[in-house]
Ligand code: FER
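The data below hold one chain only, encoded as structure tokens and taken in the form predicted on its own.
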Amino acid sequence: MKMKYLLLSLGLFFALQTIAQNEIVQAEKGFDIYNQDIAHGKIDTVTYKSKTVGTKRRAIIYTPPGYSKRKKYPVLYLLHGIGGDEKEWLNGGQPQVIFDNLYAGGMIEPMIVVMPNGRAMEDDRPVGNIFAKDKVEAFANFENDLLQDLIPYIEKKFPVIKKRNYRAIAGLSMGGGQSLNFGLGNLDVFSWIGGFSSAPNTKMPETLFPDSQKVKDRLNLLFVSCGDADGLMNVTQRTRDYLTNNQIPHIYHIIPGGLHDFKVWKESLYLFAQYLFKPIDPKTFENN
């Protein structure tokens, strides 16, 4: 009997070692190429009533292969950049292809992905001066639209798990800043946060992390990434430095030669998605 327990313990030890060694370090070749021979998820557009804006707004929804209303799913809210709208990820990054390939490889948990328009104003099109004061303010105002209008709509219309441990938020550039600002500012709502090439709208670290211990206690994953040739690398670096200095667990992923573009954002999404909604070995954070 003792030998049985010894063998079981050794098996567990080597299993944990394997998990640690299998830390995801880069995207596999072909991760973003469409494969007609696998099962595919579905893309839809929904319209929800926004009391925050006072109008109806749109969001793109991706449901995974095998989606069933009889099951309950976690949700990833995936945000775009300052020059985009709810279609930017779809047109520039084709996340449905990335997710379909991940599902085919058994590499991620089934989830619903919501791609909203993060510019919370009546005319939310990316036209004219996208850096105008009212348009930049609309990105900050999206926090109210997200929390008070969009999430309640999604949780009413789709079979989702209505708990913080099953909600994730991530985005690129301006959307990366939103994700860090809104996610870390609402740890009762989100437990998985990703900022890809986060823009200067990202709050300063002292404001993002007023209570480091709360972040450590409440957050399942904080993922920050950027291309090392990105002109906004300083925003990611200052966040990273604060996390390191205050011993806040996180994953820090830098793409060599990466610019401020979808090459970086697609790889970031590919890596981030694989961690979501499943246990993470603490050793994953050791070298970050």
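Residue positions are given as counts along the sequence shown, with the first one as 1. Computed from a prediction, not measured in an experiment: that's the story for all the values here.
Although not depicted, the form predicted together with the ligand is the subject of the following passage.
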For this session: With heavy atoms only and a cut-off of 4.5 Å, decide whether Val136 touches the ligand in the predicted complex.
Result: yes
Problem set entry | Contact label in the predicted complex: Pro152 to the ligand, heavy atom within 4.5 Å | no
Exercise. Though only this chain appears here, would Pro116 touch the ligand in the predicted complex if you measure heavy atom gaps against 4.5 Å?
Worked result: no
Exercise. Looking in the predicted complex, any heavy atom of Ser173 within 4.5 Å of the ligand?
Worked result: yes
Problem set entry | Candidate site Ile82, Ala199 and Leu232: all three near the ligand in the predicted complex by heavy atom within 4.5 Å | yes
Problem set entry | Stretch from 161-169, 89-97, 199-207, 69-77 whose residues place a heavy atom within 4.5 Å of the ligand in the predicted complex | 199-207
Exercise. Of the residues His250, His40, His260, Arg58, which one places a heavy atom within 4.5 Å of the ligand in the predicted complex?
Worked result: His260
